[in-house]
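The data below hold one chain only, encoded as structure tokens and taken in the form predicted alone.
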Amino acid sequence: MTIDINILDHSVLASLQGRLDTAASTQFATDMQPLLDHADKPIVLDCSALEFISSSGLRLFLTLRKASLAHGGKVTVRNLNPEIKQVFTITGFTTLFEFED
């Protein structure tokens, strides 16, 4: 699992690649710190190269959403593949985030 974070003037773009499974979630929690540090800005998570997400990964998405809401920002999820989109639908996450294709 890798994350590439680009902090722009008025937003933050994070590109996720690989499998966000239980094993990768510990490192991802550390790697996403810059997103938490800029939670006052709109954050876009580009998931076009995300292959899988576990419940641990979903928990980290919720952590980011909570921090963003607390600081007046927002989180948009972009380019989910159909399988991961189905996970978001089944778990009710589609009501918690904004989505872009």
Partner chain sequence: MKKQSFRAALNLWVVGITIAIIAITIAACTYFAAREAQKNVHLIANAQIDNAIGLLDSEMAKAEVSALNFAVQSHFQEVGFRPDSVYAFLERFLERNPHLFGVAVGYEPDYVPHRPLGFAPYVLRSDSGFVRNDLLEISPYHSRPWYSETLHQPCGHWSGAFVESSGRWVITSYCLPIADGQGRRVGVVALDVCMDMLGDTLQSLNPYPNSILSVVDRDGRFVAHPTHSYILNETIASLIEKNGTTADSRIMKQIAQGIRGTGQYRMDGSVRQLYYARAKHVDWTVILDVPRNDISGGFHSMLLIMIAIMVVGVLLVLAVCSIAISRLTRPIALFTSSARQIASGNFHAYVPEVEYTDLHQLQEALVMMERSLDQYVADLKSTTESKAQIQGELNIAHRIQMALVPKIFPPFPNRNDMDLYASLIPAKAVGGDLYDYYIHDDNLIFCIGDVSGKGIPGALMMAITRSLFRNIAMREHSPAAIATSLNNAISEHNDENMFVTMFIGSCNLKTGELTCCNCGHNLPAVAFNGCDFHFIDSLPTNLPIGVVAGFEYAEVTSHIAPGTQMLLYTDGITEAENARKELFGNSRLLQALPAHEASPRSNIQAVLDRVSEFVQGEEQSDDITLLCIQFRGESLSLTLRNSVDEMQQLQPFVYRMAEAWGIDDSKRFQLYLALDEAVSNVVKYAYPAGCEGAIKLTAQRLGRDIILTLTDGGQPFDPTASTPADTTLGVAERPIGGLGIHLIKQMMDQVSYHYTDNMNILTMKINIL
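Numbering follows the first chain given and starts at 1. Just so it is clear, the model here is predicted, and its values are computed rather than measured.
Just so it is clear, the following notes concern the form predicted in complex with the partner chain, a form of the same protein that is not shown.
K.L.:
Within a 4.5 Å heavy atom cut-off, is F28 in contact with the partner chain in the predicted bound form?
P.N.:
Outside the cut-off, so no.
K.L.:
Is K66 close enough to touch the partner chain in the predicted bound form, meaning at least one heavy atom pair within 4.5 Å?
P.N.:
Yes, K66 is a contact residue.
K.L.:
Decide whether R78 counts as a contact residue for the partner chain in the predicted bound form under a heavy atom distance cut-off of 4.5 Å.
P.N.:
Outside the cut-off, so no.
K.L.:
How about E51 - does it come within 4.5 Å of the partner chain in the predicted bound form, if we only consider non-hydrogen atoms?
P.N.:
The answer is yes: E51 has a heavy atom within 4.5 Å of the partner chain.
K.L.:
Heavy atom within 4.5 Å of the partner chain in the predicted bound form: which residues of 3-42 qualify?
P.N.:
Read in sequence order, the residues that approach the partner chain (within 4.5 Å, in the predicted bound form) are R19, D21, T22, A23, T26.
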